[in-house]
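Only one chain is given next, in structure tokens, and it is the form predicted on its own.
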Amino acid sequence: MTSPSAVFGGLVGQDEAIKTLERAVRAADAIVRGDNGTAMTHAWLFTGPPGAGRSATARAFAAALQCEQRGCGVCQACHTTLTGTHADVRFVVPDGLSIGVGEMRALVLRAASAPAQGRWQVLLVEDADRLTEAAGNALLKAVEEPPPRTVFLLCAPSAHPDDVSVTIRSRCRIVPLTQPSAEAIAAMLGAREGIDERTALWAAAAAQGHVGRARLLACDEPSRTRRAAVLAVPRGLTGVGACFDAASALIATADAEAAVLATDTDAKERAALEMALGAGGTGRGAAGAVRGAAGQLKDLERRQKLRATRVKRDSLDRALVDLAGFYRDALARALGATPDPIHVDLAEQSAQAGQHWGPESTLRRLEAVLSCRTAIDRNVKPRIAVEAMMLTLWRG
């Protein structure tokens, strides 16, 4: 028999959060069934490190709210919510590096209406830390006075004011998600993907708590190849020219990964829009409809280009996290510490590097990688930031 909370079964290492959400789902179910004495929070903030499953948790919660069985995982309400097609669940995922006020106002307005098919209107913002100030203010007005059957679900790395404004945070119930342990991720890979224990443990450690990244490393050969190329950087920095070559290669690797992720999605979006606009039609007015669709297709291309920029930044950041892991392992050995290495397959190389460089020089290298991440997050051109990092990694 399917568990009432089956939609939460895909989450890894989030037992406390699941208990909190299950209690909320029971309260929400009571409200729908007419229990006016029950109350439920209408605004939720899911926080946690990358890969902990913020958006997956929020999506599962949305499905449980819409489900008459409180999250069975198999009914139409669960299926359409989890796949992003439920009429009463609005998903806000930034196409570019931020979420603008126009998009947020339109979505808030729609979320304020009564549910058309489901039990609740749900507005799920997957990257609330990317809201512009104006978009945040638009959302705040709705969160302050929520309609009776509307729930706001926000996802952000933390509840810090740099990620979510204090006023929005104060009106949300915070659900902190923890970084899953390598053992928990490895167990998931074995149970769901059939990965052998040794490979699963390696992928879980290398992914540094990022569930999706661990799955890619365990199951996708090109992902492992790209990781190997990134981790070959430290031993390839033999001079100034090599630094610039390595910077170009690192950016190219991130671009290639982003292209793989975007190509299929872009093609499907364009085909779906063309079909909706009547492409291929032969009846009266078909030619005019196609001409009229040019503006919408151009707008789609603009949004896809913005999304490509964001995906490239995210791919580059994952590469930098892998590189930081190598220098962390080297620093630990330089200091004589013996924690479990992040990159088990490169433990000997990182140990030798740490002993050769010494603690201070290794720490400068690690700080250079972290500074590069910060610079890119502040919109420094990636190539400039990466080239500066490579020169510091070489000099030490």
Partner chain sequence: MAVPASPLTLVLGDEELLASRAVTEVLDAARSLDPDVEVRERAGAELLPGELAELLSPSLFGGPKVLVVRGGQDVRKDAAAALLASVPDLDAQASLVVTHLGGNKGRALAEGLRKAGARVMPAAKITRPRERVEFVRNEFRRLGDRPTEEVAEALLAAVGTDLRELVAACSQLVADTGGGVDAATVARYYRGRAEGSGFAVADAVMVGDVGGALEALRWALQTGVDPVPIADALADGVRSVARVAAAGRGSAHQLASGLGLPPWKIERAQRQARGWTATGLVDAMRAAEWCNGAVKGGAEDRGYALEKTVFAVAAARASGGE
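Positions refer to the first chain, counted from 1. On a predicted model such as this, the values are computed, not experimentally measured, just so you know.
Although it is not shown, the form predicted in complex with the partner chain is what the next lines describe.
Interface residue among L11, A17, A24, A388, judged by heavy atoms within 4.5 Å of the partner chain in the predicted bound form: A388. Residue-level contacts in the predicted bound form: of C75, A232, V240, C219, one residue has a heavy atom within 4.5 Å of the partner chain, and it is V240. With the partner omitted here, the stretch from 179-187, 140-148, 123-131, 241-249 that lies within 4.5 Å of the partner chain by heavy atoms in the predicted bound form is 241-249. Residues of 380-396 placing a heavy atom within 4.5 Å of the partner chain in the predicted bound form, in sequence order: V380, K381, R383, I384, A385, E387, A388, L391, T392, W394, R395.
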